[in-house]
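Single chain ahead, written as structure tokens, the form predicted alone.
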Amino acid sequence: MQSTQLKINFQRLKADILALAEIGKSSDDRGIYRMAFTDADMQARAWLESRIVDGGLEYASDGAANQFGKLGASDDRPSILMGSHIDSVPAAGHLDGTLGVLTALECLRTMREAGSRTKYGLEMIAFSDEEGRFGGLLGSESLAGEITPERIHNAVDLSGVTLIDAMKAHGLNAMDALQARRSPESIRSYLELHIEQGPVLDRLGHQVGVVEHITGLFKWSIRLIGNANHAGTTPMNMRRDAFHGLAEFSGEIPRILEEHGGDNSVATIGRVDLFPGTANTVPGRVEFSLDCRDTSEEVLEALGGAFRRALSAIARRRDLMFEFDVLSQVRSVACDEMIVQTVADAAEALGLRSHRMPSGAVHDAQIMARVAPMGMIFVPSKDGRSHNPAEWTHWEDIEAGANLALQTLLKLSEAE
């Protein structure tokens, strides 16, 4: 059987997607609540383990609670890995991460049933805590050997629950994540299928995206500190209004992006807290987030400098104090050129409308690029929606993306 004739069992993949979507689903908003190491997450893990075993694959897990399904893997040759994650943000949709894991499972099942012979072992993987409940990307960073004891001890979620306690509640030892590191020599390459989580493919009417770069980012928590005073008795020219400083800075963002950014630059103020937060008081302090992304490290560095200068100038003009903390910083990465071309060639052979593009979101693939050649495939997100119950990709696009992933995996497993 020629590889281009081999297709995934779409009805089986569809049934798996619908089944997993029921685990952690809220009856109130229909969103999925499957945050890492919650009861729903552990139920989903148990379900996935059963599907891996039922699919005739060898099941394994590591100290970071990553889950594997293996086909032809051995200790004396590297494996090609494919996967994503099944944990979610609160009130999530049913495809983010999940689609990549279940497509990887379906690809390996299809190849096993067809008796496909490969030069390298194949492994599907479901990484733990990709959505960063405890900060970072626990599963892929552990596999890449980038987790430290200090990081594990300090990991805590927004409700004050520690990673150690969350894993302990389910019989897991968080410190075992230090043992999850894989030697780079054991990984031939990594492939990930994901929904785009943006509107580009949907608006273009393309079936698949061939990812060339994954964005880097920095995320800051910023504080502008002035003086709280009575809203009625404090003249406008005598105020140290922290909110006015935020408002001015927000207006500067488009200019800074135009002058110092690139075509892929974006910046977002997504959270704002005013203090004391009463209607009749001039805000004495404002705390807000700044999320900035681009595929170029040089551009990100330039944007960071420009944002700091703008904040300092605004603080001086308005007699405010300016402070900020770096919450996270992730380097941008380029996808492997050989894998990019393999995906593009496979898409053309399948007659799919494809578009080369960057990823504006962070993925496990970004971490895996530090230990192995990496590539990504996107499928459209209807109206660009993600991280909410309205997240949707047409089934025909899912089928096209899954068959593209299968053909790419076959080509990669045959390549010297």
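Just so we're clear, the structure is a prediction, and the values are computed from it rather than from any experiment. For the two forms, the rigid core is made up of the largest set of C-alpha atoms that agree within 1.5 Å on superposition. In this text, residue numbers run from 1 along the sequence as written.
Keep in mind that the form predicted in complex with another copy of the chain is missing from the display, and what follows is about it.
Residues K219, P235 and S289 are all found to lie within 4.5 Å of another copy of the chain in the predicted complex, as judged by heavy atom distances. Among the residues V326, A169, M321, A247, the one placing a heavy atom within 4.5 Å of another copy of the chain in the predicted complex is A247. The single contact residue among A144, L163, L99, V282, judged by any heavy atom lying within 4.5 Å of another copy of the chain in the predicted complex, is V282. The stretch in contact with another copy of the chain in the predicted complex, judged by heavy atoms within 4.5 Å, is 191-199, chosen from 80-88, 171-179, 191-199, 106-114. Taking the partner from the other structure, another copy of the chain in the predicted complex has a heavy atom within 4.5 Å of a heavy atom of F243. Residue contact with another copy of the chain in the predicted complex: R133 places no heavy atom within 4.5 Å of it. Using a 4.5 angstroms limit between non-hydrogen atoms, S265 touches another copy of the chain in the predicted complex. Although the partner is absent here, G270 is a contact residue: one of its heavy atoms lies within 4.5 angstroms of another copy of the chain in the predicted complex.
Shown in the overlay between this form and the one not shown, fitted on the rigid core, is a CA shift at V272 of 2 Å or greater. The Cα shift for G72 between this form and the one not shown, taken after rigid core superposition, is smaller than 2 angstroms.
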